[in-house]
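Consider the single chain below, provided in structure tokens and representing the form predicted on its own.
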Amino acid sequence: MSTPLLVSTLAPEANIEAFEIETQPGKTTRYLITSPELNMKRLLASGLDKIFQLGPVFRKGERGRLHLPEFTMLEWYRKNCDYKDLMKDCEKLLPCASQAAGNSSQSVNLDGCQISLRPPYHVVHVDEAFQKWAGWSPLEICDPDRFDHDMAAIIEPSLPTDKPVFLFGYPAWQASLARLSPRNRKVAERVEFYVKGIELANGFSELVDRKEQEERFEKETKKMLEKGIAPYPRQQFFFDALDLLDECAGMALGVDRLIMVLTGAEKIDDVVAFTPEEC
């Protein structure tokens, strides 16, 4: 079983733009999924407790050494867990994937750097990383453009390279679908998984409060409009499902990037059958 690739609405994200598809002239616009997240959470709400999906996702305008407009995503969710459990999942998944790829040494070489895949992995708090390497606190200063620039230009290149890294505790304004920490409402229970500065996965303890999620989507929709991106229709089925959704967590992992890491490839083009320019 898998969720649809063509949907009537998506979670609003100002930094991710979807491909619009007009199935019939004059009819409702549909979208290629940027993530199966909303429908997978609907499955959890219907009674399933452990689910995963492996398949293509689509993001408009994404192209580069680590980016493709169509790529393969492994996404998994389960009830009664949080982002810390997702970190344990990754510590189990990566060595298993390496072994399945024929690597018995449990280490990989990327750009001449030997990286051990044996747990435990490094755990770094976002705010501590920014204060140490970028000289400012994103928990005290809300500056999305500066955050994105410094993350790519300063933080990611500064992360440890001897082992994979979990970067956790993102500022609340950087996580529209994540639950906030009960100890500090400025912090979202979101984690990203890195190997030598390459982001492999992004996950969080899921927000299951309907009212708060609706408010966050409204804020994110305003950001989309400010960027000239047409907003998506209301996510009514998803909001209704939140009324039935218990505590849960979910992770999305880029499979093509994982293959890059396991094979030592220099760019994502090296691990796909055809690049966008060849199709």
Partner chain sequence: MYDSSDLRKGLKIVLDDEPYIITDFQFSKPGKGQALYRCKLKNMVTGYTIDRTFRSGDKFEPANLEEVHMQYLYNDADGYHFMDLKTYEQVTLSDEQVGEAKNFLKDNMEVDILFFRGTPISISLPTFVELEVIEAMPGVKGDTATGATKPVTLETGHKIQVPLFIEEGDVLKIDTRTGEYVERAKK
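Residue numbers count along the first chain shown, from 1. What you see is a predicted model, and the numbers here were worked out from it, not measured in a lab.
The following text describes the form predicted together with its partner chain, which does not appear among the structures shown.
Taking the partner from elsewhere, Asp145 is found to have a heavy atom lying within 4.5 Å of its partner chain in the model of the complex.
Among heavy atoms of Gly64, some come within 4.5 Å of its partner chain in the model of the complex. Looking at Lys41, you'd find every heavy atom of it more than 4.5 angstroms from its partner chain in the model of the complex. Contact annotation for Thr263: none of its heavy atoms lies within 4.5 Å of its partner chain in the model of the complex. Of the residues given (Ser98, Thr72, Thr161, Asn202), Asn202 alone sits with a heavy atom within 4.5 Å of its partner chain in the model of the complex. Only one listed stretch (180 to 188, 129 to 137, 150 to 158, 98 to 106) carries heavy atoms within 4.5 Å of its partner chain in the model of the complex, and that stretch is 150 to 158.
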